[in-house]
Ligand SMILES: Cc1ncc(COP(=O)(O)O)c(C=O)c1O
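First comes one chain, alone, set out as structure tokens in the form predicted alone.
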């Protein structure tokens, strides 16, 4: 049977669907409905071309239409599509867990497979709480997290988000979230300057733990590179300092690598990029390249030991999801890791990422409204300023206008009021980067020409 695109009655049919974080009354005025994709390109239902400068949403690392992953998924669908999760598992899930244990930082040898990023971060929080209860320290439940952070949309992990507009509609949430300032060197909340600051923002985490009481703090939860704050990229010393702080205070260090994992920062994980091994590593998005819902957590042998014992002890991890460790998703994950390794895509990420960084610096040199370019690998953001010397921001902001202008010209980006970001698939070439940056350049000039 050949594929047929469903006939849609627009905009009437759009009244029956709700998109993520979108006001549907506005979306219906100019809807983007994507019909197909190949490589780094999308085509909408009208045949318009769109360059995927964001890997969908930091997901499509291996490009669209990847035959290796598609064939693996098709073969698995023919053989076994679902296993009963409370009774058993599949060879694919076991193989994927072992493969992940082999590529994560040393010592993270136990893997819980899941199906979405929010599930992964929430599982990490539950794992931390249960770990301390089973280790004789039940008062340790608080989590140090950061302003501007985004860790997912489920009710539990929403508590640890640092974006007010994402939390406030659902409050009150879980107790125990304690927020600190992120390492935003460009706009230091402590009005200090790196490196003379000696990474003060990291050292304040220990002060926070002491003020809360180390016997009440279970974990420090961090994105290695913060997305929602504008691709917040810490100094190299930041995470090694946090690792030492957590060790001194018997606090678990949790990395939310939903975005940064699987090659995005130029190493397998950002933990490798920043030379710091967490106690729990959350993964998702690029884990399957978008070919099946897949996520997971990997955790240390020390944590795993607390969950190992006779059945009657009841110390197993009290957590599960229906589609966790799904065999089709696991097959996609195995094929995705095969692509990452056999095609040497992490090396490509470093090489082409360096080229992207250089092109963005050239754009910054030409246009005074780019205050800073920051990121790693193939994950870069640009902060937009009205005046570079004072770092004053546009009022009203231009980031959303820029993102919409780029979309109109055929480029998918990540944008917020004062910044815009790029994260193209790991398969991109330097010529692809020229096209992407060229469209961004045109879009920015068009927005600046029409400022009031």
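Residue numbers count along the first chain shown, from 1. Since this is a predicted model, take the numbers as computed values, not measurements.
Here the subject shifts to the form predicted in complex with the ligand, a form of this protein not shown in this document.
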Sort through 220, 259, 127, 287 and report the residue having a heavy atom within 4.5 Å of the ligand in the model of the complex. 259
If the cut-off is 4.5 angstroms on heavy atoms, which of these, 117, 333, 183, 230, is the one near the ligand in the model of the complex? 117
Please check if residue 150 has a heavy atom lying within 4.5 Å of any heavy atom of the ligand in the model of the complex. yes
Would you point out which of 150 to 158, 372 to 380, 202 to 210, 297 to 305 contains residues with a non-hydrogen atom within 4.5 Å of the ligand in the model of the complex? 150 to 158
